[in-house]
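What follows are structure tokens for two forms of the same protein chain, given separately as structure 1 and structure 2.
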Structure 1
Amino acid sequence: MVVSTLKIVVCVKTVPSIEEKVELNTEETDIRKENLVFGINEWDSYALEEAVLIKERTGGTVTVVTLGPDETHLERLVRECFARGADEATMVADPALRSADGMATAKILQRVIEDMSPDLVLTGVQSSDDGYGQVGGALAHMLGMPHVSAVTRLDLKDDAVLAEQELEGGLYRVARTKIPSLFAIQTGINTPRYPSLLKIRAAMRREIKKFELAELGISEADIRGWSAGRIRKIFFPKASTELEFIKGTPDEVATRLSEIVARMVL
């Protein structure tokens, strides 16, 4: 019989909508976000819905955890999660988080989540803004949990979880893990619900646990040290009809590719 007091943690991220034309900042290291609309990351939306569905079937609680540089955007995101079925929420807002990459994000999430002792941790496979796809796997390693990515179905059996995983080429496989485990959820696993106006209004009165980086023992220098990479430049791809077939040994092909990428960036 499945434990009826499951503690489920869902990691969610607020991302800008880039359906309209966007502009780059003056440093060409990011897009200008001043006038963009922010909302829940698509993959995280499915992860949240899956957590709520599990809670409705087995009981337990759903806690969302989010972090980012803008407190207003984070609080709006958390309110939406409450309206969609989350029970508790923790957020970490600090301008220093603008420089956090996937590894640094996972490290900060670990500091927040490890004391919660969750049975299940759900994340999205990736985020629509940076597309790192690293946080789920890195966080699972830091928490010492088994990890399955690109999950398209979850079935709880006693103290184990059967996770259907999407592979390349239209293939799927089923992985079996024990509780606690972390799962990176793929889109299409469910149909995320739209909250009612009543639930939206009720969500506005819910308490949110807020932390500053200093309370977690984290400094801006820590974030820079944990971040494995730096964004040097982003740019819009140029339309071109040029085509180059790269031939040679793996080392020769890799060298040529690095030359092309370096030329594009510099």
Structure 2
Amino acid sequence: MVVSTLKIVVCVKTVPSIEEKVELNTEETDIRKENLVFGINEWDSYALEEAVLIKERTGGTVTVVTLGPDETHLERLVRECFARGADEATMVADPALRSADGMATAKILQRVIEDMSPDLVLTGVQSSDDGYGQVGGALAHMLGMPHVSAVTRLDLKDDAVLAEQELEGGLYRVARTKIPSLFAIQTGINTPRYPSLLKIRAAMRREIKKFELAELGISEADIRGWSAGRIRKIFFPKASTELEFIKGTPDEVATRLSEIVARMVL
């Protein structure tokens, strides 16, 4: 079979940037997110770029799909994806998604994606906020597709796909599969392009398909049922007991550091 109009779906997530500002919420079940800056999950920017590269080589369409509790964040994410080369977008914004874990997320993605009958589904290896590393594999099963995770090379030839999976310590495993299939993309596979200002402006006018959970026949109880359990509490990890913070002016710090390593090395 020769596929001339490849249908590629990319799952993208918007995640908070967390440098320097992590505080727990009052219930101690999550961090406070009100003042955090959101942007595309690092792994998903590589997945999207890979989809656009495939489209540019073989023809086809790239559809991004995203879920999340905050409509404004999702819309900004989708506009950025348009500017980076996506053709279509579907989003599901609903506050109830706050409590969806990896398995519940995969279930909802399945509802959105199965009607699209994609040839290829790309996800990131993991999301930088939740770090489940499970949505791709679970979704593949739900869509009845084989998958390869942590993909560092993807070659398409008609309906055959050669995928290189990254294992540990500089070892890779090369596997062959057929479309339709799902691949969880690892960073470094390509160089994601920066969207130009012109493209960002053009993306403002593009149409986005929006769903609410109820339209997909999904309730908050479903999400709870699909999730593995409930978060009792969150807390900061303990520092190693040996840790000493060196304080002072840069000059004082530099002096102390040189003393420490002088003993060690010189």
Partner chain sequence: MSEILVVAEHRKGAIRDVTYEMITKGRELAEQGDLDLCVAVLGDEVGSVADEIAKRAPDKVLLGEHEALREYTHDGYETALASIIRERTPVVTMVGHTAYGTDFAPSLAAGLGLPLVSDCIDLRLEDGVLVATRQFYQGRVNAEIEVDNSRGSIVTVRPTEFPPASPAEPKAKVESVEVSVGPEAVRTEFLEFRELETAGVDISQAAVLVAVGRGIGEEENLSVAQALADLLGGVLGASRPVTDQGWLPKERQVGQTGKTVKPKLYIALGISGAMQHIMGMKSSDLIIAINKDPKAPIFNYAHYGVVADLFDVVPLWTEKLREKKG
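Just so you know, these numbers come straight off a predicted model, no measurement behind them. Just so we're on the same page, residue numbers count up from 1 along structure 1's sequence. Between two forms, the rigid core is defined as the largest C-alpha subset superposing within 1.5 Å.
In this pair, structure 2 matches the form predicted together with the partner chain, whereas the other structure does not. Looking at 34, 115, 168, 241, the entry at the hinge of the rigid-part motion between structure 1 and structure 2 is 241, while the rest lie more than 12 positions from any hinge.
Rigid-body analysis of C-alpha superpositions between structure 1 and structure 2 gives a rotation of the smaller part of 175 degrees. The rigid core superposition between structure 1 and structure 2 gives a CA shift for residue 246 of 31.8 Å.
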